[in-house]
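Consider the single chain below, provided in C-alpha coordinates and representing the form predicted on its own.
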(Lines give C-alpha, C1' and ligand atoms only; values in the text may rest on other atoms or scores of the structure.)
Protein backbone atom coordinates (compact mmCIF):
# COMPACT_ATOMS: atom_id res chain seq x y z
CA UNK A 1 0.00 0.00 0.00
CA UNK A 2 1.26 3.52 -0.69
CA UNK A 3 2.50 5.25 2.39
CA UNK A 4 0.38 8.07 3.72
CA UNK A 5 1.93 11.50 3.29
CA UNK A 6 3.81 12.60 6.35
CA UNK A 7 3.21 16.33 5.52
CA UNK A 8 0.71 17.81 7.85
CA UNK A 9 -1.68 20.64 7.04
CA UNK A 10 -1.84 23.75 9.19
CA UNK A 11 -3.17 23.10 12.61
CA UNK A 12 -6.29 24.81 13.73
CA UNK A 13 -4.23 27.01 16.03
CA UNK A 14 -1.99 28.13 13.13
CA UNK A 15 -4.93 28.85 10.87
CA UNK A 16 -6.60 30.68 13.69
CA UNK A 17 -3.43 32.71 14.28
CA UNK A 18 -3.19 33.65 10.58
CA UNK A 19 -6.83 34.64 10.53
CA UNK A 20 -6.36 36.79 13.61
CA UNK A 21 -3.36 38.53 12.04
CA UNK A 22 -5.35 39.31 8.88
CA UNK A 23 -8.26 40.61 10.94
CA UNK A 24 -5.92 42.82 12.94
CA UNK A 25 -4.31 44.16 9.77
CA UNK A 26 -7.69 44.91 8.24
CA UNK A 27 -8.87 46.59 11.40
CA UNK A 28 -5.69 48.69 11.59
CA UNK A 29 -5.96 49.65 7.90
CA UNK A 30 -9.60 50.56 8.28
CA UNK A 31 -8.85 52.62 11.36
CA UNK A 32 -6.02 54.45 9.57
CA UNK A 33 -8.25 55.18 6.58
CA UNK A 34 -10.97 56.43 8.89
CA UNK A 35 -8.52 58.73 10.67
CA UNK A 36 -7.21 60.03 7.34
CA UNK A 37 -10.74 60.81 6.17
CA UNK A 38 -11.44 62.52 9.47
CA UNK A 39 -8.40 64.78 8.99
CA UNK A 40 -9.45 65.52 5.39
CA UNK A 41 -12.92 66.49 6.60
CA UNK A 42 -11.51 68.65 9.39
CA UNK A 43 -9.36 70.46 6.86
CA UNK A 44 -12.42 71.02 4.66
CA UNK A 45 -14.40 72.54 7.51
CA UNK A 46 -11.53 74.86 8.38
CA UNK A 47 -12.01 76.53 4.98
CA UNK A 48 -15.71 75.99 4.28
CA UNK A 49 -18.50 78.49 4.75
CA UNK A 50 -21.22 77.69 7.27
CA UNK A 51 -23.80 79.44 5.12
CA UNK A 52 -23.35 77.32 1.99
CA UNK A 53 -21.64 74.21 3.38
CA UNK A 54 -18.90 74.46 0.74
CA UNK A 55 -15.49 76.03 0.36
CA UNK A 56 -16.46 79.29 -1.34
CA UNK A 57 -14.26 81.91 -3.09
CA UNK A 58 -13.28 83.40 0.26
CA UNK A 59 -12.31 79.96 1.55
CA UNK A 60 -10.28 79.27 -1.59
CA UNK A 61 -8.42 82.57 -1.13
CA UNK A 62 -7.65 81.52 2.45
CA UNK A 63 -6.45 78.13 1.18
CA UNK A 64 -4.24 79.81 -1.42
CA UNK A 65 -2.75 82.02 1.28
CA UNK A 66 -1.87 78.97 3.38
CA UNK A 67 -0.44 77.21 0.32
CA UNK A 68 1.53 80.38 -0.48
CA UNK A 69 0.25 80.55 -4.05
CA UNK A 70 -1.77 83.20 -5.85
CA UNK A 71 -5.44 82.36 -6.46
CA UNK A 72 -4.74 82.80 -10.20
CA UNK A 73 -1.95 80.17 -10.11
CA UNK A 74 -2.64 77.44 -12.68
CA UNK A 75 -2.06 74.82 -9.98
CA UNK A 76 -5.26 75.92 -8.22
CA UNK A 77 -7.11 75.19 -11.45
CA UNK A 78 -5.29 71.85 -11.55
CA UNK A 79 -6.47 71.17 -8.01
CA UNK A 80 -10.04 71.87 -9.13
CA UNK A 81 -9.48 69.40 -12.00
CA UNK A 82 -8.21 66.78 -9.57
CA UNK A 83 -11.38 67.25 -7.52
CA UNK A 84 -13.51 67.35 -10.71
CA UNK A 85 -15.14 70.45 -9.22
CA UNK A 86 -18.38 71.39 -10.94
CA UNK A 87 -18.87 74.99 -9.84
CA UNK A 88 -16.17 77.62 -10.33
CA UNK A 89 -14.92 79.01 -7.04
CA UNK A 90 -16.53 76.31 -4.90
CA UNK A 91 -15.47 72.90 -3.58
CA UNK A 92 -18.01 70.49 -2.08
CA UNK A 93 -17.07 68.02 0.65
CA UNK A 94 -17.27 65.08 -1.77
CA UNK A 95 -15.06 66.87 -4.31
CA UNK A 96 -12.58 67.78 -1.58
CA UNK A 97 -12.45 64.20 -0.31
CA UNK A 98 -11.95 62.80 -3.81
CA UNK A 99 -9.16 65.23 -4.65
CA UNK A 100 -7.21 64.95 -1.42
CA UNK A 101 -7.53 61.17 -1.26
CA UNK A 102 -6.29 61.04 -4.84
CA UNK A 103 -3.30 63.16 -3.86
CA UNK A 104 -2.83 61.16 -0.63
CA UNK A 105 -2.76 64.28 1.52
CA UNK A 106 -4.66 65.24 4.64
CA UNK A 107 -3.00 68.48 5.79
CA UNK A 108 -2.31 71.87 4.20
CA UNK A 109 1.44 71.26 4.39
CA UNK A 110 1.13 67.93 2.57
CA UNK A 111 -1.09 69.55 -0.04
CA UNK A 112 1.48 72.28 -0.59
CA UNK A 113 4.22 69.68 -1.08
CA UNK A 114 1.96 67.72 -3.48
CA UNK A 115 1.41 70.63 -5.89
CA UNK A 116 4.56 69.99 -8.00
CA UNK A 117 3.57 66.34 -8.45
CA UNK A 118 0.02 67.39 -9.32
CA UNK A 119 1.39 69.67 -12.02
CA UNK A 120 3.50 66.82 -13.43
CA UNK A 121 0.42 64.57 -13.43
CA UNK A 122 -1.62 67.14 -15.35
CA UNK A 123 1.15 67.86 -17.85
CA UNK A 124 1.33 64.22 -18.96
CA UNK A 125 -0.14 63.94 -22.48
CA UNK A 126 -3.01 61.59 -21.54
CA UNK A 127 -4.22 64.04 -18.88
CA UNK A 128 -3.49 67.43 -20.36
CA UNK A 129 -6.19 67.40 -23.05
CA UNK A 130 -8.70 66.44 -20.36
CA UNK A 131 -7.49 69.28 -18.14
CA UNK A 132 -7.65 71.74 -21.05
CA UNK A 133 -11.25 70.72 -21.76
CA UNK A 134 -12.10 70.90 -18.04
CA UNK A 135 -10.80 74.47 -17.82
CA UNK A 136 -13.35 75.61 -20.40
CA UNK A 137 -16.26 73.81 -18.72
CA UNK A 138 -15.18 75.23 -15.35
CA UNK A 139 -15.74 78.72 -16.77
CA UNK A 140 -19.37 77.97 -17.62
CA UNK A 141 -20.83 79.54 -14.52
CA UNK A 142 -24.44 79.97 -15.66
CA UNK A 143 -27.05 77.29 -16.31
CA UNK A 144 -27.14 76.26 -19.99
CA UNK A 145 -24.12 78.50 -20.71
CA UNK A 146 -22.13 77.16 -23.68
CA UNK A 147 -19.69 79.96 -24.48
CA UNK A 148 -17.00 81.99 -22.71
CA UNK A 149 -16.20 85.65 -23.37
CA UNK A 150 -13.07 86.58 -25.32
CA UNK A 151 -11.37 88.31 -22.38
CA UNK A 152 -11.63 85.21 -20.19
CA UNK A 153 -10.49 82.99 -23.06
CA UNK A 154 -7.34 85.07 -23.52
CA UNK A 155 -6.54 84.78 -19.81
CA UNK A 156 -7.11 81.01 -19.91
CA UNK A 157 -4.97 80.50 -23.00
CA UNK A 158 -2.11 82.37 -21.39
CA UNK A 159 -2.53 80.48 -18.10
CA UNK A 160 -2.79 76.99 -19.57
CA UNK A 161 -0.87 77.03 -22.85
CA UNK A 162 1.42 80.05 -22.42
CA UNK A 163 4.28 78.13 -20.86
CA UNK A 164 4.31 75.56 -23.68
CA UNK A 165 3.20 77.44 -26.81
CA UNK A 166 4.20 81.04 -26.05
CA UNK A 167 4.51 82.36 -29.67
CA UNK A 168 1.17 80.83 -30.72
CA UNK A 169 -0.64 82.04 -27.60
CA UNK A 170 0.73 85.58 -27.85
CA UNK A 171 -0.38 85.99 -31.46
CA UNK A 172 -3.68 84.20 -30.99
CA UNK A 173 -4.64 86.35 -28.01
CA UNK A 174 -3.54 89.45 -29.90
CA UNK A 175 -5.81 88.48 -32.78
CA UNK A 176 -8.74 87.65 -30.52
CA UNK A 177 -8.53 91.07 -28.89
CA UNK A 178 -8.48 93.05 -32.15
CA UNK A 179 -10.99 91.05 -34.23
CA UNK A 180 -14.66 92.01 -34.10
CA UNK A 181 -16.42 88.95 -35.51
CA UNK A 182 -16.46 86.95 -32.28
CA UNK A 183 -17.47 88.09 -28.81
CA UNK A 184 -17.50 84.61 -27.27
CA UNK A 185 -15.85 81.22 -27.85
CA UNK A 186 -17.49 77.78 -27.75
CA UNK A 187 -16.01 74.40 -26.82
CA UNK A 188 -15.33 73.38 -30.44
CA UNK A 189 -13.32 76.55 -31.05
CA UNK A 190 -11.53 76.17 -27.69
CA UNK A 191 -10.44 72.62 -28.51
CA UNK A 192 -9.50 73.80 -32.01
CA UNK A 193 -6.97 76.21 -30.46
CA UNK A 194 -5.35 73.30 -28.62
CA UNK A 195 -5.23 71.16 -31.74
CA UNK A 196 -3.77 74.08 -33.71
CA UNK A 197 -0.96 74.59 -31.21
CA UNK A 198 -0.12 70.89 -31.20
CA UNK A 199 -0.41 70.10 -34.90
CA UNK A 200 0.42 73.17 -36.98
CA UNK A 201 3.97 74.09 -37.89
CA UNK A 202 4.63 77.51 -36.45
CA UNK A 203 5.36 80.19 -37.49
CA UNK A 204 5.46 79.10 -41.16
CA UNK A 205 1.96 77.46 -41.02
CA UNK A 206 3.07 75.22 -43.87
CA UNK A 207 0.76 72.34 -42.96
CA UNK A 208 -2.37 74.37 -42.25
CA UNK A 209 -5.13 73.31 -44.65
CA UNK A 210 -8.29 75.43 -44.46
CA UNK A 211 -10.20 72.67 -46.26
CA UNK A 212 -9.85 70.47 -43.20
CA UNK A 213 -12.28 70.67 -40.29
CA UNK A 214 -10.88 73.74 -38.55
CA UNK A 215 -13.15 76.24 -36.81
CA UNK A 216 -13.68 79.29 -39.03
CA UNK A 217 -12.08 81.55 -36.42
CA UNK A 218 -8.78 79.72 -36.97
CA UNK A 219 -9.07 80.13 -40.75
CA UNK A 220 -9.46 83.85 -40.09
CA UNK A 221 -6.53 83.84 -37.67
CA UNK A 222 -4.25 82.18 -40.23
CA UNK A 223 -5.40 84.63 -42.94
CA UNK A 224 -4.57 87.49 -40.54
CA UNK A 225 -1.11 86.07 -39.85
CA UNK A 226 -0.32 85.57 -43.53
CA UNK A 227 -1.58 89.00 -44.59
CA UNK A 228 0.41 90.61 -41.76
CA UNK A 229 3.57 88.96 -43.06
CA UNK A 230 2.91 89.60 -46.75
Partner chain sequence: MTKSKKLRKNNVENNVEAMEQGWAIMEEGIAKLKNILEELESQFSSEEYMRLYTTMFNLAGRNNIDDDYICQQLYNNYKESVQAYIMSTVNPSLRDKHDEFMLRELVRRWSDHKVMVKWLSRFLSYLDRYFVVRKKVESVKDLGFSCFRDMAYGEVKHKAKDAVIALINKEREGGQIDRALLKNVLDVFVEMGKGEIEFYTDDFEDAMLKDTAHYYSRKASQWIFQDSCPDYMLKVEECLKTEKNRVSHYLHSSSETKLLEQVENELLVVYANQLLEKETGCRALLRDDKVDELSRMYRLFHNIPKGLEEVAKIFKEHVHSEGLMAIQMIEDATCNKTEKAGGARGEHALMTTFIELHNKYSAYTTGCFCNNAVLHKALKQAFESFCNQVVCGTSNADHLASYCDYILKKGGSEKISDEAIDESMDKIVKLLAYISDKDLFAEFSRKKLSRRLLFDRNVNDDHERLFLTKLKQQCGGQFTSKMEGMVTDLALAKENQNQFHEYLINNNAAIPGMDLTVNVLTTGFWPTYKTCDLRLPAEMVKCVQVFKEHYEAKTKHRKLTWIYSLGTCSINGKFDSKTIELVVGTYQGAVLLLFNDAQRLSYSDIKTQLNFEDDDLMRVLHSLSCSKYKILKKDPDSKFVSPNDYFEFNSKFTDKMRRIRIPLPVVDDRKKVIQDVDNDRRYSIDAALVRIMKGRKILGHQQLILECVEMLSNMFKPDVKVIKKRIEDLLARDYLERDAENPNLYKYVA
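Predicted model, so just to flag it, every value in this text is computed and none were measured. Residue numbers count along the first chain shown, from 1.
Form predicted in complex with its partner chain: not shown, discussed below.
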Three-residue site 37, 90 and 93 fully in contact with its partner chain in the predicted bound form at 4.5 Å by heavy atom:
no
Pick from 64 to 72, 178 to 186, 40 to 48, 157 to 165: which stretch has non-hydrogen atoms within 4.5 Å of its partner chain in the predicted bound form?
178 to 186
Would you classify residue 228 as touching its partner chain in the predicted bound form, given a 4.5 Å non-hydrogen atom cut-off?
no
When the contact criterion is heavy atoms within 4.5 Å, does residue 146 count as touching its partner chain in the predicted bound form?
yes
Determine the residues of 71 to 102 with a heavy atom within 4.5 Å of its partner chain in the predicted bound form and present them in sequence order; the list may be empty.
none
